[in-house]
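One chain comes next, on its own, written out as structure tokens in the form predicted on its own.
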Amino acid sequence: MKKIKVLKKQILQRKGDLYSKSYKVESGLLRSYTIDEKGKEHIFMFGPEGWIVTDYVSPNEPCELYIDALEDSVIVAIEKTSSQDIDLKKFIKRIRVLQNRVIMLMSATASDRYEHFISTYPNIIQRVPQHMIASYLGITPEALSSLKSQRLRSKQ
């Protein structure tokens, strides 16, 4: 395990890299994402403080995701081949979050996905640009703006 400081916009991993690591976020904010053949980013997950961000491939397989810092961050880089004990509760929570995300992308409305985003990531809503939240939700920034407006009107 190695503690490192990373700067905003610093790329920790690129698609196709071998020997990827897992990153535990001590402070700051990471994200993992992919870029499609048209150059559009699709955000897989955000990693605020206390979360682990990783590409779920074996250490010797090419990565499928990019990982970068959205804020200056302090992270712990963990070799996937290390025998470090993992926090099983955190790992199960992460898998549950990802499972729920896949199910929601398949079946939930954009409004439901936004509400789920807010409950999953309550502390980053003001820290992430709106176009990235829209990407995470699988909608356009304009659709997100409309959702936010509807949400505000319904709370009044």
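Given the structure is predicted, the values throughout are model-derived calculations rather than measurements. Quick note: we count residues from 1 along the sequence shown, nothing fancier.
The form predicted in complex with another copy of the chain is left out here; the points below concern that form.
K.L.:
Among 21 to 29, 143 to 151, 128 to 136, 6 to 14, which stretch sits within 4.5 Å of another copy of the chain in the model of the complex, heavy atoms only?
P.N.:
Only one stretch passes the 4.5 Å heavy-atom test: 128 to 136.
K.L.:
Is every one of 42, 57 and 98 within 4.5 Å of another copy of the chain in the model of the complex, counting heavy atoms?
P.N.:
Yes.
K.L.:
Taking 4.5 angstroms as the cut-off for heavy atoms, does residue 123 touch another copy of the chain in the model of the complex?
P.N.:
Because no heavy atom of residue 123 falls inside 4.5 Å of another copy of the chain in the model of the complex, the answer is no.
K.L.:
I'd like to check something about residue 119: if you look in the model of the complex, is any of its heavy atoms closer than or equal to 4.5 Å to a heavy atom of another copy of the chain?
P.N.:
No, no contact at 4.5 Å.
K.L.:
Any of the heavy atoms of residue 64 lying within 4.5 Å of another copy of the chain in the model of the complex?
P.N.:
Within the cut-off, so yes.
K.L.:
Taking another copy of the chain as it sits in the model of the complex, is residue 105 in contact with it (heavy atom to heavy atom, 4.5 Å or less)?
P.N.:
Yes, contact at 4.5 Å.
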